[in-house]
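Okay, so here's just one chain, in structure tokens, the form predicted alone.
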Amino acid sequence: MPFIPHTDAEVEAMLAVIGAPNIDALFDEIPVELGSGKLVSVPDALNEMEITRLMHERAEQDSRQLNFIGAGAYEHHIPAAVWQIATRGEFYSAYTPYQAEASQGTLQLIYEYQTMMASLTGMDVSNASLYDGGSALAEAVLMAVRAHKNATRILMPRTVSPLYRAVVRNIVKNQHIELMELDYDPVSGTTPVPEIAVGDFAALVIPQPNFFGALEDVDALTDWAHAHGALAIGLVNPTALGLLKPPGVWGERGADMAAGDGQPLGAPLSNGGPYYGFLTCKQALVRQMPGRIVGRTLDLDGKPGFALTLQAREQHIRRSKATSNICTNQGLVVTASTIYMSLLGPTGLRRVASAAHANILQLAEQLCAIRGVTRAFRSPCFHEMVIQLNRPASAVLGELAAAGILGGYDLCADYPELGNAMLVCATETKTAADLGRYAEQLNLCMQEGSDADI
């Protein structure tokens, strides 16, 4: 979209109409001490030609490295048609459907997206997306506490992403909600079913696969949560659901909610975003769900149409009764995901997941044949695994990066008990040659640098 700034004369004319002496007077309710002051680090203005050249120069500094980092953001092949369609004007410029009669296209797209996500997770209802995976999990936690009413504790396994745990903690810490962390089994890297009484709790979060890439015993954990009068929240990778059974059928009754990040479904890595969070639930919890829900109906003439059926948010005059005030719908990325899922279909998504799983198994075999490299956990995995090294992981990752390989995610800060460990990911984008190159370069790093590190 073009950016057309106001001229000084236009600004003065508008201020004169409203009777304000200057722009600062429009914000006089903000205490002076909270102001940022002069922005001394902002560079001098450039014209269009100069800024275009600058951005080209910066873009050329980026190198195309072979990527084996996952940890919540995954490199998948995105068919060219996905963003070619998503960036058409009717999608690209469409905004929140406040006026249903004028937003039928947007409403239909959200309806299709919600149908797909409910089907993928095995749930009854999906909302229109959230800000990201971490905030989606936080909203699921808040839903559980509202629904339970008698408990404000949430059991949060340490196998949940450290970033997600931090986001949830920041959102709920001032709402008298306690996050009780559950440790993982050091052999399997999964969360065992608690054998001791933990008191009343509103929900148990169950990641599948977990942050280590390992597959949890979701059936046993779900049934255990229900047996203790709590809800089960599935935290899932949507691509993995092409192979794994959905949360809606975990255990005897299925999980009550499912949340996660939709980035794997057609969103590029793109320096960290924008991504989006998805949230689905069983029908019994639908009135606790934040955001928008779109329904399909018939008008007076019997023609199909779409409408917002539930709008439990602050902007619809609910104020203090709103279920959330951060339920941002990432409409454009959701559009891309809807197109991505439509193009791939269930069979295509299963092929993507199968190829990624096959690649991590091949990579595990090659890496664990290297002296000084071992696999941390014995449990089955999806497309990520933890490897332990006899050298500092940070040094190894630095050497791999110098060779054009992003070798993984350093776990030393988040899980110091694992020692020199890193999380490695392989998606369907990796070829046999890519896997071989990584293994060969890691072997060189381990053998050439071991003496220097000792």
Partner chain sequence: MLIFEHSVPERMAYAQMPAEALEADDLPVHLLRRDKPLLPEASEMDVVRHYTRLSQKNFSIDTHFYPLGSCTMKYNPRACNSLAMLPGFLNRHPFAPVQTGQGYLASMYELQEILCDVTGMAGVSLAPMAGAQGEFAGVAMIRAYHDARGDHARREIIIPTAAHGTNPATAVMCGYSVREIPTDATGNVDLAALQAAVGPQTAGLMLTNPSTLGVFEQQIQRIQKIVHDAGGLLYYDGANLNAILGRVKPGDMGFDVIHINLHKTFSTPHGGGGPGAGPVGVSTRLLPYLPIPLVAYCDGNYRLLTEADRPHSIGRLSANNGNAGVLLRAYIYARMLGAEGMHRVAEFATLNANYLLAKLRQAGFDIAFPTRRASHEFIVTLKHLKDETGVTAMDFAKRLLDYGYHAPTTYFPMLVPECLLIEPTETESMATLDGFVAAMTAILAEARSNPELVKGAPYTQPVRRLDDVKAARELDLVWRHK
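Residue numbers count along the first chain shown, from 1. Here, rigid core means the biggest group of C-alpha atoms that superpose within 1.5 Å across both forms. Bear in mind the structure is a predicted one, so any value in this text is a computation, not a measurement.
Heads up, the form predicted in complex with its partner chain isn't pictured, but that's what we're talking about next.
Report task. Would you confirm whether the three residues 94, 114 and 275 all fall within 4.5 Å of its partner chain in the predicted complex, going by non-hydrogen atoms? Result -> Yes, the whole candidate spot contacts its partner chain.
Query raised in the report: Among 85 to 93, 151 to 159, 228 to 236, 179 to 187, which stretch has residues whose heavy atoms lie within 4.5 Å of its partner chain in the predicted complex?
Result: Comparing against its partner chain in the predicted complex, the contact stretch is 85 to 93.
Query - its partner chain contact in the predicted complex: residue 301, any heavy atom under 4.5 Å - result: Yes, residue 301 lies within 4.5 Å of its partner chain in the predicted complex.
Query - 4.5 Å heavy atom contact, residue 306 and its partner chain in the predicted complex - result: It does: once its partner chain is placed as it appears in the predicted complex, residue 306 has a heavy atom within 4.5 Å of it.
Requested in this report: Give a yes/no on whether residue 394 approaches its partner chain to within 4.5 Å in the predicted complex, heavy atoms considered.
Outcome: Residue 394 lies outside the contact set for its partner chain.
Query raised in the report: According to a 4.5 angstroms non-hydrogen atom cut-off, is residue 369 in contact with its partner chain in the predicted complex?
Result: Result no; residue 369 lies far from its partner chain in the predicted complex.
Query raised in the report: Pick from 376, 355, 364, 285: which has a non-hydrogen atom within 4.5 Å of its partner chain in the predicted complex?
Result: The option sitting close enough to the partner is 355.
Query raised in the report: 210, 222, 338, 191: which sits within 4.5 Å of its partner chain in the predicted complex by any heavy atom?
Result: Spelling it out, the residue with a heavy atom inside the cut-off is 338.
Requested in this report: Can you tell me which bits of 153 to 182 touch its partner chain in the predicted complex, meaning any heavy atom within 4.5 Å?
Outcome: Residues within 4.5 Å: 163, 164, 166, 167, 170, 171, 174, 175.
Query raised in the report: Is residue 18 one of the residues whose C-alpha moves 2 Å or more between the shown form and the other one after the core fit?
Result: Comparing the forms between the shown form and the other one, which are aligned on their rigid core, residue 18 does shift its C-alpha by 2 Å or more.
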